[in-house]
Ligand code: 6LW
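Encoded as structure tokens, the following chain is the form predicted alone, with no partner shown.
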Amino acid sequence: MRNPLIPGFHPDPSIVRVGDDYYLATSSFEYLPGIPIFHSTELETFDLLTHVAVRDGQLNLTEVTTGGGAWAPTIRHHEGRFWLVVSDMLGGRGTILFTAERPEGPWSDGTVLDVLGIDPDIAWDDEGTCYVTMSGFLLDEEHNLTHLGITQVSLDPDTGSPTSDVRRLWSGTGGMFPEAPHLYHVGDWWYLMIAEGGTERGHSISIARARSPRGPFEPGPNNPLVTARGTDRPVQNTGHGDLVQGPDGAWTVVLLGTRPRSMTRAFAPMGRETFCSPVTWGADGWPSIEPVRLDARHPAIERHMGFPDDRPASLDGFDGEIVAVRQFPAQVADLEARPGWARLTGHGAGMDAPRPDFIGVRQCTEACALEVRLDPRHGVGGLSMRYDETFHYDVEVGGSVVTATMHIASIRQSWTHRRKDTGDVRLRIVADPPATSSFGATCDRLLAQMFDDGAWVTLASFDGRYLSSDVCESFTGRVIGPYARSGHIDVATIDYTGQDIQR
């Protein structure tokens, strides 16, 4: 199996099979466009098909806190229609149900469901009753939240109104924070698969079953079905999965995991990615999941994005995964102001802003270099590797001075270089991982570079652990691209090259 199935930060995968086609959705948090949907016909190679949230109002990300936004979608197909339910969290709209006649959209504006929880699942029984199962909460009169474990309501999907009281279902084997429930009707049983243990090193998947989607559920005899805790496997934090049957009839789980490096497998620069693993069903009707393994293949990646003026300008490069923070890329990049370029106009705050004037792509290989060619003559800006507004690595051009700055929460460290040529500038950030994870407490070195006087000049070399999900405590991953602080910066090209490291 190909692993990671979808590299770069793409956590909380959910998958549905419709005929010979497979559609997979992942979380996108504060980035737009939101909720990417990938397509495959063989369950091996997935290509980005579309995003659900491509218009204002579908998600309310403008004021969401860091780590908020689109959490843990579930995608399903029922009665000829696609359904996707997702949590828009920490200042967003709440739990939203989107629908579409075709997976490529257009998707609806979304119906807000009258439920309180995260990681919602949607399922229907043979009588047509709709069930939303979630990691539920209780809100008291003083607005204090209590986690209830896995809960469920019957629901009218057209109005979003519950048609039953909240039911508390099975909440796992005792691991912290049971979440990510999915219901499946297989044979005579309803299976409830959940994640528990937290989305960090204790993450795992467990399962129970009942004769009814409402329970009562009995736990499986071999829980957890999969976990990497206490192991030295290269894929850690495995959990939050969804089951699907492959073209050959065999079953697979898609799930999240991380690729940490260092002696203690402590730092995952790309955050949580989508992996897969084979599933087998025993004679007793219980599934088993194999440990998640890395693919032995490590192809190099080269991606180029330009804005040629001989055809309509577009931000669809890099397989369509150009993103912006709490706004759409088209709101940041003006493709008409200067033919052949993308113009970013700064508003004075740089990458510390909740909505920076920035467009970026996910780091999707362990070793990588992202290069931009800019015209900075009418502004201040440059290239940034971002985890959030407090953790980022910037290479900024202002006149003849280029400054690399590492932002680690409240700590700042800068290095400057005066360039000889004050015209267009080439900048790049390089992630250089060690060849082995056996020794050393880091995941990679991050090099901030500029091309000057015919050669690449390294302004700074920094420990990459400070831009990892483990240090930042982030649900996302590294996103790299150009930004503007003030005035305007014109972008000619964005180039990504990368290679995973053989383990």
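Small disclaimer: the values here were computed from a predicted structure and weren't measured. Position 1 is the first residue in the sequence shown; the rest follow in order.
Keep in mind that the form predicted in complex with this ligand is missing from the display, and what follows is about it.
Contact check for W71, I118 and R272 against this ligand in the predicted complex, heavy atom at 4.5 Å: The answer is yes: all three residues contact the partner (heavy atom, 4.5 Å cut-off).
Residue contact check: Y31 to this ligand in the predicted complex, 4.5 Å heavy atom: Flag for Y31 set to no.
Partner proximity in the predicted complex: T252 to this ligand, non-hydrogen atom cutoff 4.5 Å: Heavy-atom contact with this ligand at 4.5 Å: absent for T252.
4.5 Å heavy atom contact, R362 and this ligand in the predicted complex: R362: no contact with this ligand in the predicted complex.
T403: touches this ligand in the predicted complex, heavy atom cutoff 4.5 angstroms: No - in the predicted complex, heavy atoms of T403 and this ligand never come within 4.5 Å of each other.
Residue among H240, R259, R386, H407 with a heavy atom within 4.5 Å of this ligand in the predicted complex: Residue within 4.5 Å of the partner: H240.
Option touching this ligand, based on a heavy atom within 4.5 Å in the predicted complex, out of E179, D88, E396, D357: For this set of options, the contacting one is E179.
Region of this chain that lies against this ligand in the predicted complex, out of 348-356, 363-371, 422-430, 71-79 [heavy atom, 4.5 Å]: Correct option: 71-79.
Neighbours of this ligand in the predicted complex among 1-19 [non-hydrogen atom within 4.5 angstroms]: Counting only heavy atoms within 4.5 Å of this ligand in the predicted complex, the single contacting residue of 1-19 is D12.
Change in CA distance between V166 and L139 in the predicted complex, which is 3 Å or more, as closer or farther: Pair moves farther apart in the predicted complex.
Inter-Cα distance between L139 and T163 in the predicted complex, nearer or further [3 Å or more]: Pair moves farther apart in the predicted complex.
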